[in-house]
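What follows is a single chain, given as structure tokens, in the form predicted alone.
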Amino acid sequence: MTAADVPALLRETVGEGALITDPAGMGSYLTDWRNAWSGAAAAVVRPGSTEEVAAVVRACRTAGVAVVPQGGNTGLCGGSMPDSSGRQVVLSLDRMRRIRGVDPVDLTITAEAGVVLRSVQQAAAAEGCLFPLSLGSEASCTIGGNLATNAGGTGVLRYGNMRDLTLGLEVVLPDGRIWNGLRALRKDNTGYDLKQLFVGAEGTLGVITAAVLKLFPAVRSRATAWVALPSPQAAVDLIGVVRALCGDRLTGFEVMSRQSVDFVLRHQAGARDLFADVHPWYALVELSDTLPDAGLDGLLEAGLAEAFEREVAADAVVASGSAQVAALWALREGISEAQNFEGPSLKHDVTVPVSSIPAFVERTDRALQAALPGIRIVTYGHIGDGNLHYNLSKPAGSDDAAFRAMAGELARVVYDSTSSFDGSISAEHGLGQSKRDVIADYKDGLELELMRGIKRLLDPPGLMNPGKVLPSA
């Protein structure tokens, strides 16, 4: 079968209305949102049900055509992009946007893979509940993509990542069979936890079509502070101070370098510096509680007072209302977009033990400056769980192409340093295409062997999102 035969096959499977074959119509499915990754496809198919997904996968399996599952196309590693051959089929879940049920007693929500994350948050809130996953792309990323990449975000410190928030899955396997694992059980000790095979697999083992997710009681009070810090060590110390005093009420702890904040102040309308003095690092600290009047402002202020006494914090402001809370979070969440105005952005999503963060930052910064003097290092992230977005911008005034040409060398500096601290080169963005081959140098060979064995078991022809996650053998 040639690529030209594929549209006719899919048309028979799901009908004309669910198929896109013209180049203009396929365009947004074949280039990622950053224009960093692009590909070609024989067709884009948009099934509207799990049964239709299964029919598409079966038809492609029979024809020997590879399937590339795609959610909101907001990924950062090229995991949902087809290759350049024009023979692969992009299977978009963007029509599967039904919330099948919300259960405030069991504290669960069942959503299809194409449901946008914000819609899940809103459906939970309508029932007096909280779905705690929160990302900068939550208005466009989908639950299927969140599951495929094991998304993290700002609430991992308290609630865990997507793997921790998942109770059950519905998955179309590479041979077209449907595994109905949509169980809402908190305890099920009947053998292997199969759902965990598919969370974080980036569509290489099957197509997630729906999930049962955990909900929590709604948050009714918050306290948020912006804290100036002298160093990454001070950030780690501050976590200890606040956690010891506040326990699980500590639900957010973000750290940002001054370089990160400078970019936001320069490029984000309305952003302003909160302190008269410039500080090398900042933290955004948030407490939350289910009680409407939990006294969190006083609790946070007590923690900050102790931090001042220990010379951990240099300055701080506690937000006085929802508008100021939003302004503080805008400083944090605007970093990635603001960096784009400064030219090419080399993004790295790494994790090391929290206690190792100060030494990691010091060593990696020094190595990068040696590799490229004047490089601007944009470090920020979820320091409470050891996850740093360690992004790089070119030296001011330098050439874009020359900087891009150094991407591999600079990535090796970051990854080698990460590995030396027993860290991971991907904390929450996945491997996709961008880290597929390099992971072989940083992951134990036996782990890769086991991963390949699982892939061969479930997808012997290798037609499910090929060229992602697993390095070439």
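The structure displayed is predicted, hence computed values, not measured ones. In this text, residue numbers run from 1 along the sequence as written.
Quick note: we don't show the form predicted together with a small molecule, though the next part is all about it.
Proximity to the small molecule in the predicted bound form, taken as heavy atoms within 4.5 Å, picks out 375 to 383 from the listed stretches 119 to 127, 375 to 383, 237 to 245, 189 to 197.
Checked against the small molecule in the predicted bound form, the candidates R258, K347, R98, R87 yield a single residue with a heavy atom inside 4.5 Å, and that residue is K347. Here is the short version: of L107, L76, L157, L296, the single residue with a heavy atom within 4.5 Å of the small molecule in the predicted bound form is L76. Using a 4.5 angstroms limit between non-hydrogen atoms, E428 touches the small molecule in the predicted bound form. For R249, no non-hydrogen atom is located within 4.5 Å of the small molecule in the predicted bound form, even though that partner is not displayed.
Among residues of the shown chain, S336 is one whose heavy atoms approach the small molecule to within 4.5 Å in the predicted bound form. Not displayed here, the small molecule is kept clear of K214 by more than 4.5 Å at the level of heavy atoms in the predicted bound form.
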